[in-house]
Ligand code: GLA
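In the block that follows, a single chain appears as structure tokens, in the form predicted alone.
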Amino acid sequence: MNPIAANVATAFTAAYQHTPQLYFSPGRINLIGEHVDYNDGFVLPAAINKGVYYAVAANTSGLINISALDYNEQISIPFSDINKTSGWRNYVLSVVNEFLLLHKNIGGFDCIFSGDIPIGSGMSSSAAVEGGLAFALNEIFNAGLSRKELALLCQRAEHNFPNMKCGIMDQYANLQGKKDNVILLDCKTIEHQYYPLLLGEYIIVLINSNVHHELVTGEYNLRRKWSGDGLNILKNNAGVQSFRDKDIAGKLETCKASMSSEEYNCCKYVIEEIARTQLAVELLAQNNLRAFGQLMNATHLGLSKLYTVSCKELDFLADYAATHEAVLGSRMMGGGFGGCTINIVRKDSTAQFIEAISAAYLQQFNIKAEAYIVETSNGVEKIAP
């Protein structure tokens, strides 16, 4: 058994004196299609083998007992006290609240969780926390929700108490992931296809900048507003229905004078990123990893200069990787303003690449980067005790 899973199981038995069900809830990577899941775009994520491990069981007390081992914190409250609070509590309580809003018969339960996703890394620890608990409660209390319904429930949960107006990608990848595959998710229709991820002599390496600028939620929501306001101008002035309309790039230019620079730049990025993601799937099917990597580089440039969600540390890491002969593509991943870059790196040069980029980053910023080699994983699933 995974040592983290064993630890939560042991802690659960010691705390509650009964036997839990165990679950693994994965983090996610996103190869391309960043910040377009809330703009009717396409994304290409995959669940990964880093995540959150849950031990959960119904109790007879009627209380919600949840312990976050990584914070050494716990809550014990009746259902009547579920309200918006702070930190990790917002994510778990908001999930429970969404079940109640659906009038699902969720009873008291005991829960302990712990994980190995670095907070703020861009691997979506929040969706892993939400998805693992939602899946467990759905199964234990026979709520009857499908994985797709659970993903949508978790998205609403993140919108509600945490007030993070995220798209559907993170929660969808967490619940619908499939090992050795990426998910092409149409965020307009909420339908998906699996594509085999055949990297051959390459692997995926994440470089954690170990910076997390404290403006992510507000700035994320602001960019969602800018792109949404820009789309409304396109609708009113050019008859556009969505960012996926034919000839929308030209229509954007005709409406440029009616937009703020922020609205225009955000719309330009979204339109270009949707096109890149559609092309990326074709390149993946052709196993043209070199051209795929070039699209990743272009995405980072757009995120940095148009959508403005990068930072100097992420720009340094992406720029350095782009000049390394063993790297096919590199870009920032996740909400931005810190976290990780995702890199496609040749296997036989991985150690040398990690050593070189870490040394350069330390010299530039006096910050120690961390490297993670990740593999694809299934979505949330029960694991054997």
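For every residue, the number given is its place in the sequence shown, counted from 1. Not measured: the values here are computed from a predicted model.
One more form of this protein exists, namely the form predicted together with the named molecule; it is left out here, but the text below deals with it.
Only one of 348-356, 51-59, 34-42, 321-329 lies within 4.5 Å of the named molecule in the predicted complex by heavy atoms, and it is 34-42. Distance criterion of 4.5 Å from any heavy atom to the named molecule in the predicted complex singles out Tyr220 from the list Tyr264, Tyr195, Phe99, Tyr220. Checking Leu175, Cys154, Met169, Leu133 against the named molecule in the predicted complex, a heavy atom within 4.5 Å turns up for just one residue: Met169. Contact annotation: Gly334 falls within 4.5 Å of the named molecule in the predicted complex, judged by heavy atom distances.
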